[in-house]
Every structure is written in C-alpha cells, then in structure tokens.
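This document starts with one chain, in the form predicted alone, laid out as structure tokens.
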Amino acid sequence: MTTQEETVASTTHPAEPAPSTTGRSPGGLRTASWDRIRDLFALDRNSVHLNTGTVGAMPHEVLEVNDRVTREWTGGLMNVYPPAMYTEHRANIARSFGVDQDEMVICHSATEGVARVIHGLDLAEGDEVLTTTHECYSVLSNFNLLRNRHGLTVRTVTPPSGPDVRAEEIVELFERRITPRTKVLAFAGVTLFTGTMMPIRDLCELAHRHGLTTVIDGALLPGMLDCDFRSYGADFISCSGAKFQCGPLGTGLLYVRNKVHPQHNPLPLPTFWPIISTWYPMIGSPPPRTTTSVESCNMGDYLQSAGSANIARGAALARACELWDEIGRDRIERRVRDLAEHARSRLVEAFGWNSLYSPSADPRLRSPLIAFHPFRDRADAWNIKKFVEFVDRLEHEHRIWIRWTEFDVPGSPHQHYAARLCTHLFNDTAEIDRAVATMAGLARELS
C-alpha cells in the first residue's frame, strides 16, 4: 500500500490510461445522423432494446477500451494505486456535469455510491429521514439498516401515479411530512418504477428552507439528461455508469458537494464520514469543511482512494462519457425526449390515456421511462404472473426488451404491477412503432 505522499507524487504515472482519442474531427459526432450513431453501439439490429432503465448498450469503442486497458494491466509490475484514483478521468467527467474533480468519484455502481453516502451521514438515534416508497431497494434497505443499527426514524411518502400528476402535488406531499426531527430528504431523480421525473430543484429548495441534507438516487440521470449537478442544489447524487450513460457494468458516478455556492445551495456542507477510504488520515482529522466556493480538502480523493480498482472499467466509463460529450449531451437529451413522446403517443393510442402510470400531462415530470397497464381488466394490475409472461414472451418470441415493475399506489390495498419501456438515443420511431404494436397484440391475447 502506498502512502498518501507517494500517491500524490505519482498521479501522473505514465501507466495511467489516458482518455482515448478516435481521430475524429471536432464536432464530427455532433452533426452525425442518428442512424450512424446507432452503429456505434454493440446492438443486434434485429432486437429492440427498450430497457435502458435496467442496463444500457455499450458502444464498440467502450468495449475496446475496456479490453485494451485490461490487457495492459494484466500480469504487469506497475504501481496500480495512482491510476486507481482516476485523477484525469474524474476531472473530465466532472466538467461534463458542471462540477469539479474534488466532488466526483468513479464507483462501482449507483447502489454502492448511495450506500457509501447513507452510511457516511452524521445521523443518530431520534433523527428522521424522509423518503418515498418508490425508491430503489438499495436506498430503502440501507436506511432500514441505519434504523436497526442507530435507532433512526424513516418516514416515507407514496408519490401519486398516473398521467395527470402535477409537480406541485409531489412537493406538497413531502412538505407535509417534514418534522422538526427531519435531517435528510432522499428521493430518486427519476423513479425506476413509474418513470416520474421528480421535481429535483423544487425538492432541493424545499430541503434548503428546512435545513435538510439532500440525497438523490440519480442512477438514471447521466446519459439521459444534460445534467448540471451543482445547479440541482443537492448534497449527494449517486449515479449508474451502465444505464443511460452506457458504460460497463460495475461502474457508477458519485457527486459529493464539497464547496458552498450560495446561488445553488446556501446551506453549510453537511458533516460527512467518507466510508471505505485509504486516504482518510490515520491520525488526526481532515481540515474543517469549507464555507466558501474553495474546497478545504478533496473529498473526492477521500472516497476514490479505496485500494486497487478496476482501472479498465474506469477508463471505459470515461470513454463513454467522452462520446456523449462529442455527440452533445443537450442533443442527446432532445433525442431521448422526442422518442419518449413518440412512444407515449403510441401507448395512448394502443392502451388509452388512463393506462399510464407515468405522469404525462405535466412536462416537468415526464421522462423516457414510461410505465403502463396493457391489459383490458384493471384488476390485472396486481396479477404478477400475467406481467411476467408478457415481458418474457416479448423477449423470447419477439426480441423486444422491456421490464415489469411493482410499486405502491395511494389508496390501493395492493401493490400495482406495470410494464415499463425506456427510450434512448439508439432507438428510432420505427422500432418503437413495431414494439408497441406487438405489445398490443400480445396484451389482447393475454387479456
């Protein structure tokens, strides 16, 4: 194990994999056709991938970087610790998301990132966390662990679902549940079950008014949206690298607010314990957290320094992020949203407006994840066997990949099940039309 001083001196170690270059002229992908961009991906042309909310599709270049760097580091005698800090990669990725290198961590998944955040919060018996029943299991299970270990109170709200939900309803629902003991507001940027684009900035401003720390499960944000993490006003955002960002499995990004920009978040930095760190001092304490826009310590380094790492996967994730920057994250967001609106209209034609569980009337809440009820009988909403068969047959008989989800619905004694599709930049309107038509036929057969 190297010392901190050796690591600092070695951050420019020549064996660290540099970001790859492709020889493209600047802006080449910025103006490329979507059909050409589809060819960048390791996708079967005879398959329809509408399940990016679970896992994306890697570009060929990302696969190549992963393979090349794996071979470079296999059986070598090089110092693995400096490149495991991903110093240059983190700086480049951070710029893509409007933050700095000291606030960015390359981790193994959104699940790992959010666990390290939750267990690093300064919470004690009697403190309350406010979250939702629509959170990923990784969020709810880790807060439950803290409840069992430290005596926290975890309070939940069940977000409304359906096409006519408005952003104000969601904010008011949270506000009514805040108490003097509430310390943390935790929610998904986009819910994985109904695809609700939560009103992130409004909820963060609500947290600011009540002095709360904000934890966002942002697994679905990078690669889908042209994100500026700082402008959201959150304290922590944990993201997947393998979903809409289309990096390798086993990669994630973690944003940790490490300086105070009052226009975005006027609250002091929360006390935070960087769980799993070989950088944290062995004697004494780190510098006090800054109260200004200049960091007092590199929190990203504290969290990044966790022994050896999968250098190849980190380099491949960095290449995926570079490709998105070359195509244009704003351009990708427009593409993804346009395809989602096309899919939404086709779903409404096939199954009706009231089949949608995803908010649709309020554009602030629309995302490219759309959950819907495909069957004639509304009671089938709690028939898991029918949804499993629906999804399985789409995959095995038609090579169409979606998924089913389950979630609480206010006022319902049952959990509801829904089919969920996601649109991404490699999809097109023709395959969406074919997929929805196939779903409609299969749903009639199963109904």
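This is a predicted model, so every value here is computed, not measured. Residues carry their position along the shown sequence, with the first being 1.
One more form of this protein exists, namely the form predicted together with a small molecule; it is left out here, but the text below deals with it.
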* Heavy atom to heavy atom, is K243 within 4.5 Å of the small molecule in the predicted complex? -> yes
* Asked: Would L130 show up as a contact with the small molecule in the predicted complex if we use heavy atoms at 4.5 Å?
  -> no
* Might A110 be said to contact the small molecule in the predicted complex, defining contact as any heavy atom within 4.5 Å? -> yes
* **T156: touches the small molecule in the predicted complex, heavy atom cutoff 4.5 angstroms** => no
* Can you check 215-223, 278-286, 118-126, 195-203 and let me know which stretch has heavy atoms within 4.5 Å of the small molecule in the predicted complex? => 215-223
* **Partner-contacting position among T87, S96, S138, N310 - heavy atom within 4.5 Å of the small molecule in the predicted complex** => S138
* Asked: in the predicted complex, which of the listed residues (A207, L339, V190, A318) lies with a heavy atom within 4.5 Å of the small molecule?
  -> V190
